[in-house]
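Next comes just one chain, in structure tokens: the form predicted alone.
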Amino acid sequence: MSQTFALAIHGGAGTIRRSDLTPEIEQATHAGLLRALEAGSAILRDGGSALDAVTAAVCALEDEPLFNAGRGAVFTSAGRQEMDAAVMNGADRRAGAVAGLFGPRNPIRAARAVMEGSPHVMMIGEAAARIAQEAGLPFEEASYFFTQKRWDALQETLALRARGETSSDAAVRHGTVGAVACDLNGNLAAATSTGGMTGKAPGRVGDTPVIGAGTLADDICAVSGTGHGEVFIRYGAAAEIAARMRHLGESLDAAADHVVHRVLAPNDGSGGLVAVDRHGNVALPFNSEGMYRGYVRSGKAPVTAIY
């Protein structure tokens, strides 16, 4: 057993304007990130698994309406909420993912139910909801997931489209939450959850539940992304980091930085990611104006940041 654990989280990236971030919202955002770090690190400090830690951290972020996942999920162009999530255990590469899901309070737990209660990796829509029901997970009514901020954002997006315009705010493309961890045994895990893009087409699935794109954990590293999902998928963003470390011998920092700034950024892949390796090193690169993020290591105070 090693003596080091590490946990890193994100709450989405994009055009986070300082003028829009009131002191109250900024304080609430840091508080939400800290709650997620504590939820995950409490498990790691007690010798718990990386898988349990990332699940707990993402649940805390899904419960916070400030972030685009679970309770704070954005709306599709049809005025509905369709949520995606994935979890992966690095030690044995087990993975579970859900897409187009609505109902379970915590989509990340539904993804884990797919991993642990079925022979499959990804399930969608009603079939995914049935697995969550069979696992005894709590469900909520539509009112639980409704936030006025997300509804107003949809109306703004639809109004722009009606005028033939698009938003200049990259954040509408990649609000996501995620966590990666290395536990005291050196095992790695990743978890990611999202409501997707504001005004997305019904049925659209981004990179979050796609293993190797927005979520990955193996024996080298664990990665959770937040960005322009289509680009993360096309370039296999998370898998590319692991491949560079495995085959080129790059450090976590070097591999993550290369993918975010030299692969994704030149190809309209705005966003960022959090990653951890088996030695407890963390990387949190992003190419947008900001990324809600935080990390904590054994014996150290947690750190949260936005810009």
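Just count from 1 along the sequence shown to find any residue number. Since the structure is predicted, the reported quantities are computational estimates derived from the model, not experimental observations.
The form predicted together with a further copy of the same chain is left out here; the points below concern that form.
Q: Answer for residue 72 alone: is it within 4.5 Å of a further copy of the same chain in the predicted complex, judged on heavy atom distances?
A: No, residue 72 is distant from the partner.
Q: Mark residue 202 yes when one of its heavy atoms lies within 4.5 Å of a heavy atom of a further copy of the same chain in the predicted complex, and no otherwise.
A: Looking in the predicted complex, residue contacts with a further copy of the same chain include residue 202, since a heavy atom lies within 4.5 Å.
Q. Given that the partner is absent here, does residue 92 sit within 4.5 Å of a further copy of the same chain in the predicted complex, heavy atoms only?
A. Residue 92: contacts a further copy of the same chain in the predicted complex.
Q) Looking in the predicted complex, any heavy atom of residue 240 within 4.5 Å of a further copy of the same chain? A) Output for residue 240 is yes: heavy atoms within 4.5 Å of a further copy of the same chain.
Q: Counting only non-hydrogen atoms, choose the one of 193-201, 138-146, 179-187, 151-159 that falls within 4.5 Å of a further copy of the same chain in the predicted complex.
A: Among the listed stretches, the partner-contacting one is 193-201.
Q) Out of 97-133, which residues reach within 4.5 Å of a further copy of the same chain in the predicted complex, heavy atoms considered? A) In sequence order, 99, 100, 119, 120, 121, 122, 123, 124, 127 come within 4.5 Å of the partner.
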